[in-house]
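Only one chain is given next, in structure tokens, and it is the form predicted on its own.
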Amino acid sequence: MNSLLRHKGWTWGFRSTILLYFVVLIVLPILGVYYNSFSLGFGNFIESISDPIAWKSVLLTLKLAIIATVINVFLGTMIAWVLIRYKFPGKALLNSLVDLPFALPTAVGGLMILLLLGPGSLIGGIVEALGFEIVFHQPAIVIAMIFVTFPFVIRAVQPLLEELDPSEEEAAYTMGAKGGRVFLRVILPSMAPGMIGGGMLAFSRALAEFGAVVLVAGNIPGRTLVSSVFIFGEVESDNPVGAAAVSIILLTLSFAILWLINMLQMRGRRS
């Protein structure tokens, strides 16, 4: 088997197959989006992204994705801490449930939010009685984004906490440092790469969320219409150029985030 793997012809064929797979499934669709966005000229592209409904949907998506990411970083770090540092009944079940958003179709997540917080639900009725509205408003979009990006920060922070040497904390306590100071000076710097990397992945994923959002957003331009739903509407309206123009904004942002994550990881390995 080892001699087969070392054979140059087999190695060349294996690499070519992987590269072809990568090009067909990832590179060509991305190039197609960029091509379609500029197919009618640069002026038409500027006109498409200058449309008030289009750029308002992008700005709204950025705002809500940032809110969801901040919440996820805070809660995800706390959950990762509890899962690593404490023992309690049901810990294994809770740890397995963290990955549930990865396994569920996002539309199912949106339906769960709709049934739990919708106007006809118990919680939704109580919230409406208090004068607040969740479903078909921005809070529901944030909740949907949090749900689909929930595992990223947790799974990024957990291995860092597991690798943290307990002797470093013990040494800090021995030298007279209090709990808060130990956390800020010893524990937090160790968790920071996972918090930043997981937060960036969560933000990038939230930008593109569609399945969960479309069920709980009111899709009102400038108020609850996010980019992914706007793109879907443009395709349905037979305007693929306008859809592609907004899509490349999200694509470019995602590329920039992934590039930054890779740079941070490479710098972390060097240090």
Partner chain sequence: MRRLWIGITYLVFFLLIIAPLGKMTTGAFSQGFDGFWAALTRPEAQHALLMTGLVVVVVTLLNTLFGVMMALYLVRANWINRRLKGLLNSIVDLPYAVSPVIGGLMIVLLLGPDSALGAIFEGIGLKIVYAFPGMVIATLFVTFPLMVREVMPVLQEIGSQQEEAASTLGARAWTTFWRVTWPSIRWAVMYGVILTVARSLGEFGAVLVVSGNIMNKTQTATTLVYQDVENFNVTAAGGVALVLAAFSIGLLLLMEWTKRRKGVH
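Please read these numbers as outputs of a predicted model, since none were measured by experiment. Numbering follows the first chain given and starts at 1. Just so we're on the same page, rigid core means the largest C-alpha set that superposes within 1.5 Å between forms.
One more form of this protein exists, namely the form predicted in complex with its partner chain; it is left out here, but the text below deals with it.
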Decide whether G43 counts as a contact residue for its partner chain in the predicted complex under a heavy atom distance cut-off of 4.5 Å.
no
With the partner left out of view, is P29 within 4.5 angstroms of its partner chain in the predicted complex by any non-hydrogen atom?
yes
Considering non-hydrogen atoms and a 4.5 Å limit, does its partner chain approach S48 in the predicted complex?
no
Given that its partner chain is not shown alongside this chain, does L215 nevertheless sit within 4.5 Å of it in the predicted complex, heavy atom to heavy atom?
yes
Counting any non-hydrogen atom inside 4.5 Å, which residue from I53, I66, V235, L59 sits next to its partner chain in the predicted complex?
V235
Consider the chain as shown here, without its partner, and state which of L188, M112, L161, A171 has a heavy atom within 4.5 Å of its partner chain in the predicted complex.
M112
Members of 222-248 lying within 4.5 angstroms of its partner chain, judged by heavy atom, in the predicted complex
S228, I231, F232, V235, P240, A243, A244, S247
Superpose the two forms on their rigid core, then report whether the C-alpha of T17 is displaced by 2 angstroms or more between this form and the one not shown.
yes
